[in-house]
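Let's start with one chain on its own, the form predicted alone, as structure tokens.
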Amino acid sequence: MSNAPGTSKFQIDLRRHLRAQNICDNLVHLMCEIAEASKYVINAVRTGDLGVAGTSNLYGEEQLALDVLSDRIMRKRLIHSGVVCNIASEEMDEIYQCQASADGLYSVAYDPLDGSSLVDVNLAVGTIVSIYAGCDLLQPGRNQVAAMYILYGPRVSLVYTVGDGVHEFTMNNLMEFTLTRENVKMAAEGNIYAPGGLRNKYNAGDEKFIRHLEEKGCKLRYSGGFVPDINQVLMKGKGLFMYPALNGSPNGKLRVLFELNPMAFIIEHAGGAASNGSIPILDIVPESLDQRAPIYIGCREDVKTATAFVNGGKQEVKMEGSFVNG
């Protein structure tokens, strides 16, 4: 996107940038509505109740009051946007149908407040969003038409892709999202890693891979929050996040629909890769809302090395995708 004469890229707001992306008005409207909802979510994070809600989600996890409030904020905005037919949230038990017709409308899967248990110790958290055309949410992540996340940290930032680059916006003092970085790119390999899960539950291949990274002198940078850890890897343009299969949890922890697909879509469009150890995350066909998978995501060569270790040194793990060369 070229800037108008005399206009700094830092003055380009989200709506203007989206309108230049050759996407339909309904998708522009939807993504702007999500951005608006995030302003109320960050207010809830800063001022809301840190206690429990007295309910649990479909995974049997106790819901925090902030989870429930953030979900309510996001769901209400999506329902009243007029351009959404189906909604799936990590905090809901089933898909919520907004409209019966899917013509020209979108389905949205989201995690309203990923990492909410970190709020009480004042660490960064975020919202993750996946968008599909039509009414089908249980399809490969490669079919997404857009993905985005909002990071609630020292600054509030929004990162999105609609298939033509990855772009970062930052909330200013008027609570407007303005362009900060355009066409964010990942290097082929990096020197930081963020390993989730208890290491004493790692499989042999994952343990060997971690030792390999340590021997290389890579730096461990892990906050316990998926959004800030992915944001660090992406914005530094180097490194890898992993949450592998664990002894007792062969599918890892993170959900394909709400967390893995949107982040994999963003990272691949920045030139990186995301794999479950055998196939790209975006090629997984989800069979249920609560499906989980291991993940290795970040610089393409780092992901390739990780999957080789996981598979006992075999190099024939599928890595190619439609968004990356090679």
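Residue positions are given as counts along the sequence shown, with the first one as 1. Fair warning: this is a prediction, and the values are worked out from it, not measured in the lab.
Absent from the display: the form predicted in complex with a small molecule. The rest refers to it.
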Each of Asp114, Tyr222 and Tyr243 within 4.5 Å of the small molecule in the predicted complex, by any heavy atom, yes or no? yes
Does any heavy atom of Gly197 come within 4.5 Å of a heavy atom of the small molecule in the predicted complex? yes
Please determine whether Leu254 contacts the small molecule in the predicted complex, using a 4.5 Å cut-off between heavy atoms. yes
Touches the small molecule in the predicted complex: Glu259 (any heavy atom, 4.5 Å): yes
Is there any non-hydrogen atom of Tyr149 lying within 4.5 Å of the small molecule in the predicted complex? no
Given 224-232, 69-77, 96-104, 183-191, the stretch touching the small molecule in the predicted complex at heavy atoms within 4.5 Å is 224-232
